[in-house]
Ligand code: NDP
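Take a look at this single chain, the form predicted on its own, given in structure tokens.
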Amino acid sequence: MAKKITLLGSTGSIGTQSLDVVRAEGYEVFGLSAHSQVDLLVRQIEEFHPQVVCMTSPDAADRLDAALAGRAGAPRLLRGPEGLRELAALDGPDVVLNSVVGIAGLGASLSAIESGHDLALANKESLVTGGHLVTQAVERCGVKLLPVDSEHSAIFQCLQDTESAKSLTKILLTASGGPFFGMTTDQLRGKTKADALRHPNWNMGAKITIDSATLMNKGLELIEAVWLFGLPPEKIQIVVQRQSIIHSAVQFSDNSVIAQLGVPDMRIPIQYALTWPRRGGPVAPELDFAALKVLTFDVADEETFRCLAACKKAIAKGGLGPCAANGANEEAVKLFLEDKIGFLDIGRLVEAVVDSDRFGGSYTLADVYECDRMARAFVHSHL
């Protein structure tokens, strides 16, 4: 029987590419969610015929309800963040793929796990903001957490040999360096939204593209890797690989290194998360080694790109430190995209909130949301 998928965030960049994989594999769609893109979600409903959909924006939910009114076989409509969590928990799918952007995806991740679903995770903020809550739930519920980020998928693929995985000593987490690689602080002054959205290799949504430009994305991925693979942050080295061909690598006790290579296409890691433990057919172009002349490596400049330095501080502090960094970054990126702050202000504000408190200790889900609220308020009070 065809595998059934619930896809959270189906109208975003990862969501639409996930549906490419669903088509290629012949999977069924049990549920879809979106925030506000009514027209695109309607087209997805017409093609994939989900049983349940969720629209998290109230206004968009009303418009979707009107668009579906009177249609034969229309899916059940859920609304708001509560509806997203309900959709994630519903019986029916074999796997839930969470590609919601930001901390908004945390509650849905926990709902999916606690309902016994394997979770394909493209929402890195679930682990960044609530790492021990998510990992404890995975262990308690006996489900599989399958990484979708290209870097974490690469590491996961390299560790499929269980015996070799026991001798893991280091993770080499690769970064493209973004559109501003090699620039100084002075050169970054005055960089605009349009400049930051020109990623050299990847076609992604606006928020993650800005995060790539600030290197915040790599800081978040470092924190995520700590939770996924159980290594301390000092055992995770960030390596700039400008061509985005080596997606990450692992080093073992004998100092041998295994890497995963491929063209920069998110459909490859999405497919692996959905088809695991088998591999599917080709969903992206073949890597042409005859045309591949150069692979370069460099170090990430955290002195200039302060978001990366802030994330390292945050995971070292532990507790809610990463949550504070993420909340400040989400708010700062929103303000930058609205042309209300400058590019360098993002790193300044994220680092300032991490430096503002100790953040250590255990926490609850309510603590996570309160920390996120306080971090966003901090940003507005320090503009």
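Note that the structure is a prediction, hence the values are computed from the model and not measured. Note that residue numbering follows the sequence shown and begins at 1.
Only in words, not in the display: the form predicted together with the ligand, which the text now covers.
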Counting only non-hydrogen atoms and a 4.5 Å threshold, tell me whether M216, S356 and A375 all contact the ligand in the predicted complex.
no
I246, A104, I258, L287 - the one with a heavy atom within 4.5 Å of the ligand in the predicted complex
A104
Partner-contacting position among C311, A88, V100, A154 - heavy atom within 4.5 Å of the ligand in the predicted complex
V100
Considering non-hydrogen atoms and a 4.5 Å limit, does the ligand approach H35 in the predicted complex?
yes
Is V21 close enough to the ligand in the predicted complex to count, meaning some heavy atom within 4.5 Å?
no
Flag M204 as yes or no: does it have a non-hydrogen atom within 4.5 angstroms of any non-hydrogen atom of the ligand in the predicted complex?
yes
I'd like to know if C158 sits close to the ligand in the predicted complex, meaning any non-hydrogen atom pair within 4.5 angstroms.
no
In the predicted complex, which of the stretches 165-173, 92-100, 178-186, 137-145 has residues with heavy atoms within 4.5 Å of the ligand?
92-100
Which of the residues spanning 143-169 lie within 4.5 Å of the ligand in the predicted complex, based on heavy atoms?
D149
